[in-house]
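One chain comes next, on its own, written as structure tokens: the form predicted on its own.
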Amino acid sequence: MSDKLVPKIKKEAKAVEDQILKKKKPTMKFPVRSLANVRYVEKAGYFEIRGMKKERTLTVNTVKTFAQTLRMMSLSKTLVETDDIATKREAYYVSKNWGDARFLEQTESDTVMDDVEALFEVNREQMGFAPEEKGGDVSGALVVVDKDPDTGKKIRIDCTQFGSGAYSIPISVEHLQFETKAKFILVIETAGMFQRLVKHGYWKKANCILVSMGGVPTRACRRFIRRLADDMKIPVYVFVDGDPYGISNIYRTFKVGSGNAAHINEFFCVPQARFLGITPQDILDYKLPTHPLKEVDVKRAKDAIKNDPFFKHHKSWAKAMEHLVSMGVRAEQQALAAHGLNYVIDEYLPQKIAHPERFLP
């Protein structure tokens, strides 16, 4: 990666230097990271970024941010050239040596890092910046082929051999290889539901791979599933709570990406993903216990229907979200336990997976 990224960084820095030497105000142009600057292309399968740019010009008001951006570029160049990494938190503390350009808050550092990532159209992992959080948990019919960092020797990790535990997805997954005869990947929102399926060996009964997202999935988790699905040519079914957040934030971002990360959606989304549940219709069909939708839920749902390119494109999804709002309720995965702790294993999942043609897109 260094042979591609480092020259880009040098070129951008040289352009700034040249403008200064010509006694002109230096500028940098960044892609606008928002839903307003993306389009949903079904053939590609994810949100693609449009051409809108924001221009950052060196002025009295922007001098600190401008300097921070250049220092972040320099830090990335060093990390890539030395084959090292820095977590987002470490990058924040490194800035304490930047004098007046230091970051006062982590949020400032994160924003500048995202801008630099977008500027060079790469993901921050390629820039040497590693996430703090782990990638997710995996159990089931899968062998992950990793390598020893010291010798380079291949290491085969059997995801059926973790007892009551699970394989943890590493922060970097590009080098991994896979071996499996599983029929599908079941991606699960909550750690609790994942643990129930693991404890009762659901992956054996269904011949599948279970992946816990633990809420909003990390980039490593999404990239792992995308690579696994692409390499092994197997379907991906997503099992989340039946609420506007689970649908419009967790699922939609998992499948097609987001506006904020539009410049890297093609790497971190899973276009082949299909929505298994919990659907608004499931709430009725399975007579699930519910909670009232909160005001923030209703706002999120209406915003998705009105402004989100994914919901505008998929009328079935807009209809499902409207259905949820009209019902005025939401249901969690664990609500299936009202019919018995293992009802999800014995009844719900087998019934749903028998008809993937009925899944929402």
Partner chain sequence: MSGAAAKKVTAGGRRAAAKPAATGKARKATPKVVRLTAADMAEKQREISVSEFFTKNRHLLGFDSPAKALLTTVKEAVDNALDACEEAGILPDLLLEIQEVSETRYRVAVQDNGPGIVKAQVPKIFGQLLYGSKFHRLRQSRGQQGIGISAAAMYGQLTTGRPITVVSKPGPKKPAHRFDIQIDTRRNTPVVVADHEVEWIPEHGTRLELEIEATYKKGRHSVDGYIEQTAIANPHASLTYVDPKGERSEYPRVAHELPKPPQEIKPHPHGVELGILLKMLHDTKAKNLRGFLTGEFSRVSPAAADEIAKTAMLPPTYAPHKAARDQAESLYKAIQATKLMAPPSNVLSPIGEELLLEGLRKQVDAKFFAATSRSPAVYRGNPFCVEAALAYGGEGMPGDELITMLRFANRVPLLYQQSACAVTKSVVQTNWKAYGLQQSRGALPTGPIVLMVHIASVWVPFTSESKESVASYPEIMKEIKLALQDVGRKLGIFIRRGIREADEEKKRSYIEKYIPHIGIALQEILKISDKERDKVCATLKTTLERSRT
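Everything numeric in this text was worked out from a predicted model, so none of it was measured. Residue numbers count along the first chain shown, from 1.
One more form of this protein, predicted together with its partner chain, exists but is not displayed; see below.
K.L.:
Please pick, from Ala13, Ala337, Ile353, Ile345, the one residue with any non-hydrogen atom lying within 4.5 angstroms of its partner chain in the predicted complex.
P.N.:
Exactly one listed residue reaches within 4.5 Å, namely Ala13.
K.L.:
Its partner chain isn't shown here, but in the predicted complex which of Pro31, Pro26, Gly45, Pro309 has a heavy atom within 4.5 Å of it?
P.N.:
In short, Pro26.
K.L.:
Is there any non-hydrogen atom of Trp98 lying within 4.5 Å of its partner chain in the predicted complex?
P.N.:
Judged by the heavy-atom cut-off of 4.5 Å, Trp98 is in contact with its partner chain in the predicted complex.
K.L.:
Heavy atom to heavy atom, is Lys77 within 4.5 Å of its partner chain in the predicted complex?
P.N.:
Output for Lys77 is yes: heavy atoms within 4.5 Å of its partner chain.
K.L.:
So, in the predicted complex, is Ile20 in contact with its partner chain at a 4.5 angstroms heavy atom limit?
P.N.:
The answer is yes: Ile20 has a heavy atom within 4.5 Å of its partner chain.
K.L.:
Taking heavy atoms and a 4.5 Å cut-off, does Thr59 contact its partner chain in the predicted complex?
P.N.:
Contact check for Thr59: yes, within 4.5 Å of its partner chain in the predicted complex.
K.L.:
Spot the stretch among 33 to 41, 62 to 70, 295 to 303, 317 to 325 with residues whose non-hydrogen atoms come within 4.5 Å of its partner chain in the predicted complex.
P.N.:
Contact criterion met by 62 to 70 only.
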